[in-house]
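We begin with a single chain expressed as structure tokens, specifically the form predicted on its own.
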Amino acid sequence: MTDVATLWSYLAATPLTWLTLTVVCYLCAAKLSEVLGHTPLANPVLWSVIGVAALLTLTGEDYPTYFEGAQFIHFLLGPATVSLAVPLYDNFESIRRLAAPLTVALLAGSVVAIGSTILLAQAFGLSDTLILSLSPKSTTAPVAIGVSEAAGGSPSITAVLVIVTGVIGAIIVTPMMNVLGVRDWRARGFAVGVAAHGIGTARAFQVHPTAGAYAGVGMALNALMTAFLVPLLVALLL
């Protein structure tokens, strides 16, 4: 046991250890999702988060040490955000033809996501800091964290809430759309992209390529809309 503890102490101090374990957790979760036919409850992000949390609990490692080793994944959020321009470019002509309905859907989705969050949080008596941290939860993590920090919220809380929102959206989007009778892959994809950012977009790509493309468009446009609307709605409602 002493040798095992010594070995773990050495590995825990190695920067690549937690990065490697995080990637392994995700690959295992992705394989599980594939084996189960990509069922919503087998969402890879959800189970990789649970796996990493279990490892941290079992090893007694603190989060700052974990983040120091796995921060390269955090760094990749920046390039991933920039890459949101790709689906916009690839679908430019289609988007141009549907500019009016997409604009209405985007505005409605963004206003409802932010406004309902602020009003519900106020109704439950949450603090202003929590409300400001909650308000950008439906947009992609780098934008949400930046908006939260600028507004006076807690970026750490926002990051957790963004992931929770994305996972919930990815789990419920397919059964919900089926129940509502929405058959247009463009509408299905755009809706989940606006509501559940990157995690929802990944789920949309699993279901249908057109849904995935429009989810990417919705995610990109909602990032811009959220950055504009959060300060405005916070000033009006908070």
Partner chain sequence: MLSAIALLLTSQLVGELIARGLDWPVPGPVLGLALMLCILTLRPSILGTVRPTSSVILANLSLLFVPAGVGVLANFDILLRYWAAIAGVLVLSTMLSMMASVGTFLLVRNLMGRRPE
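Residue numbers count along the first chain shown, from 1. Every value quoted in this text rests on a predicted model; they were computed, and no experiment measured them.
In what follows, reference is made to the form predicted in complex with the partner chain, a form of this protein that is not presented.
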Close approach of residue 34 to the partner chain in the model of the complex, 4.5 Å, heavy atom: no
Decide whether residue 22 counts as a contact residue for the partner chain in the model of the complex under a heavy atom distance cut-off of 4.5 Å. yes
Would residue 178 count as touching the partner chain in the model of the complex under a 4.5 Å heavy atom rule? no
Is residue 152 close enough to the partner chain in the model of the complex to count, meaning some heavy atom within 4.5 Å? no
Does each of 105, 160 and 173 have at least one heavy atom within 4.5 Å of the partner chain in the model of the complex? yes
Taking the partner chain as it sits in the model of the complex, which residues of 99-137 have a non-hydrogen atom within 4.5 Å of it? Please list them. 100, 101, 102, 104, 105, 108, 109, 112, 113, 116, 117, 120, 121, 124, 126, 130, 134, 137
